[in-house]
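Listed next as structure tokens is one chain, alone, in the form predicted alone.
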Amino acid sequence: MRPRIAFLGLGLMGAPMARRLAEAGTDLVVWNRSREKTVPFRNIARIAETPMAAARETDAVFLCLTDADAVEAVVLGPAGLAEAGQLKRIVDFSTISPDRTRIIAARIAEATRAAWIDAPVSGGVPGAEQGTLTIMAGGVAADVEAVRPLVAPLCARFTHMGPVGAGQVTKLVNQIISGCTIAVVAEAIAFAEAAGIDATCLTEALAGGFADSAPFRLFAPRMAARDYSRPIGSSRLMLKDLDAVLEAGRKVDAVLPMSSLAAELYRATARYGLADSDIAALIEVLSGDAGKRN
């Protein structure tokens, strides 16, 4: 029998993830706040009018939403999951704060008895399209294992990190490393260009050395070419995550100077109208090109 999954949220990451589930033979029902994003799914999934309607009689509900407010609205708002009756498991691929995760999980468990698995993802749009995402999960071990075969078409790695909220904490660790690294790559490209080096040659020149990394290989060519087509992610979303890092860090007295500086660099993209462009557009801020736009 095919697994029955409701997928809520068909944005930059959610749409390719839902498509992969449909291609894997899942009995899929989808919902999105803006209905036009459901149009490409009409031939491969059922379209629901509300989160509540999407969730009924499913083996699991998958969420991929922008932020904690969106998650709370879909889960606890009018015609939300809390009104769907008894649910089995909810897997949240969104990146939100660990505290909000625990609060929402407790409230939906009280309303529907649903188990919550926070399962934020890493790998960007390419990983979502290719089914090679890295997923870090928080929740009861038995529930995490129950959804493991359901998320298999989406990921190359699915790691149980601990109780509810642990997945989100792990994603914040990921965002410290990736957010700061992307900012450093932008700084390096800007320096190379200012010093007269052909920055388009850097990925080949530094391949295999200590400076090499997946973010470097992915973003350095895009930054050097000023190629922001086929967005991988936006500065706005990275800033949201780094602000969540800083908020969580204050609660545990963590020292986060690199994250603080990186957050301010991403914040600067908004001043130049680049917050929703591909994250590679951060090079415009570091190189000084962004100021020439105004």
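In this text, all values refer to a predicted model and were calculated from it rather than measured experimentally. Numbers follow the displayed sequence, beginning with 1.
Omitted from view is the form predicted in complex with a further copy of the same chain, to which the following refers.
**Student:** Which residue, Ala84, Val151, Ala115, Cys180, has a heavy atom that falls within 4.5 Å of a further copy of the same chain in the predicted complex?
**Tutor:** Residue within 4.5 Å of the partner: Cys180.
**Student:** Can you work out which of Val121, Ala188, Val144, Ile108 has a heavy atom no more than 4.5 Å from a further copy of the same chain in the predicted complex?
**Tutor:** Looking at the other structure, the residue within range turns out to be Ala188.
**Student:** When a further copy of the same chain is placed as it is in the predicted complex, are Ile47, Met52 and Gly131 each within 4.5 Å of it, taking any non-hydrogen atom of the residue?
**Tutor:** Verified in the predicted complex; spot residues all out of contact, no.
**Student:** My question is simply whether Thr26 lines the interface with a further copy of the same chain in the predicted complex - judged by any non-hydrogen atom within 4.5 Å.
**Tutor:** Although a further copy of the same chain is absent here, Thr26 would stay clear of it in the predicted complex, with no heavy atoms inside 4.5 Å.
**Student:** Find out whether any non-hydrogen atom of Cys201 is located within 4.5 angstroms of a further copy of the same chain in the predicted complex, and reply yes or no.
**Tutor:** Because a heavy atom of Cys201 falls inside 4.5 Å of a further copy of the same chain in the predicted complex, the answer is yes.
**Student:** Indicate whether Ala224 is a 4.5 Å heavy atom neighbour of a further copy of the same chain in the predicted complex.
**Tutor:** No, Ala224 is distant from the partner.
**Student:** Spell out, yes or no, whether the shortest heavy atom distance between Cys64 and a further copy of the same chain in the predicted complex is within 4.5 Å.
**Tutor:** Cys64 lies outside the contact set for a further copy of the same chain.
**Student:** Choose one stretch from 35-43, 52-60, 253-261, 65-73: the one whose residues place a heavy atom within 4.5 angstroms of a further copy of the same chain in the predicted complex.
**Tutor:** After filtering at 4.5 Å, what remains is 253-261.
**Student:** Could you list the residues in 212-233 that come within 4.5 Å of a further copy of the same chain in the predicted complex, counting only heavy atoms and keeping sequence order?
**Tutor:** Contacts from 212-233: Asp212, Ser213, Ala214, Pro215, Phe216, Leu218, Phe219.
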